[in-house]
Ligand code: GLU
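Quick heads-up: it's one chain on its own, the form predicted on its own, in structure tokens.
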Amino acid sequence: MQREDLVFAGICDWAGLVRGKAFPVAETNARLKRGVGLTHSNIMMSCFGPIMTTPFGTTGDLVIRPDPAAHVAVPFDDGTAERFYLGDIQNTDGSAWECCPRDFLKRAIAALAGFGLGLHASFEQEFVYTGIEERPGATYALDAFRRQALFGEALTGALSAAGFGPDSFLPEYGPRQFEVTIAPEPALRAADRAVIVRELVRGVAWRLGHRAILAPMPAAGGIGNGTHIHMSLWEGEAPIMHDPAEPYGISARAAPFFAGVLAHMPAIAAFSTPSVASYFRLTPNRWAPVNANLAVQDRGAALRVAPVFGTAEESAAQQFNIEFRVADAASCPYLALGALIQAGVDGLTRRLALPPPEAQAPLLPRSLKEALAALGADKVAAGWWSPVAMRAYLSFKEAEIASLANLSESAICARYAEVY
């Protein structure tokens, strides 16, 4: 049988899924220049498949422009390969389309650069691996690590082949749950890699005959999957966040950024926890946030000051970061990280102050509906992208809520588990 190698060009869309088109590898140079076709309503494809609503109709043309810096070529022993590009959605004249998720993040990065700062990030990905039997007592256990067999090593090998810096792979708290982390990178590359890690997790599991389920709540009443985002601010090659003399250990220069994140956290949740099932996880006693708060080394906080290991100040400054825990894999990493940065930029602009440790923190949204209402009411968030994009995103997510209106919590979790 004759074969011709194909490569996929895609975008991580508003549903947090990679969609696009494949073309022959021999056409790569031409496709990098002219892209592959797309239509405006593609961005309105729900996570469940159908376009439930669209303001764009059937007209218009766009292109996915593959980015050579977001290219994956990972061969596997069975003769298959993960071969794809991530890219930007552009108008046919080459300008950025106002609803492009990757451009949303790029504009946030540019806004932060106006303060002479950049953001480094890393995404922790939790998921359920179906290729292991569920057993009591396997939480964080060597037994669970042993029984996942080849999966962890194959995944780590794939990450290394993709040019990433694998950090850790571990059995997590929930049944059959695992977590994978990689080294931090500047913001755009970090978001690209978050998307790629998800796809490699799925790709390795599929090649072993199983699934990796990244849904926020694989089963009602169970343990949720989070996607925690670690962030640090840098000026050029120097970290600028750590000052043990300041509250929370956060430097006076960085503190307004995170005060901005706290101030806009309800709106951010509409991007970072954007599914109905996301809010089944954000409940008490699930090791997940309930309040929009900042705390030191507290895994129940929305913003957690991560620990520093060792005492040398240079090492501490390099390690010091803040973990954002109001996120899961139903999110598009470009939207989630872009919203965090834009909120931080507003904090820097208005020179906001962090609340004192004893302050009462407001509740996070208790549902996707509440998060969307917060986004729609946030006048600063309205400036993060165009009115067209804002209206389209709100209607996109409102249609998702409506599609699940008559289902039980168990049925809702099952629907998302089929997708993510």
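The shown structure was predicted, so the numbers you read here are calculated from the model rather than taken from an experiment. The first residue of the sequence shown is number 1, and the count goes up from there.
This next part talks about the form predicted together with this ligand, which is not shown.
Among residues of the shown chain, Glu126 is one whose heavy atoms approach this ligand to within 4.5 Å in the model of the complex. Taking non-hydrogen atoms only, Glu179 approaches this ligand to within 4.5 angstroms in the model of the complex. Within 4.5 Å of some heavy atom of this ligand in the model of the complex lies at least one heavy atom of Arg325.
A residue is said to contact a partner when one of its heavy atoms sits within 4.5 Å of a partner heavy atom; Asp243 fails this definition for this ligand in the model of the complex, lying far away. Arg281 is the sole member of Arg102, Arg193, Arg281, His264 with a non-hydrogen atom lying within 4.5 angstroms of this ligand in the model of the complex. Residue-level contacts in the model of the complex: of Ser122, Asn225, Ser272, Asn321, one residue has a heavy atom within 4.5 Å of this ligand, and it is Asn225.
Residue heavy atoms within 4.5 Å of this ligand in the model of the complex occur in exactly one stretch of 103-111, 77-85, 246-254, 225-233, and that stretch is 225-233. Shown here without this ligand, the chain has only Arg299 in 289-307 lying with a heavy atom within 4.5 Å of that partner in the model of the complex.
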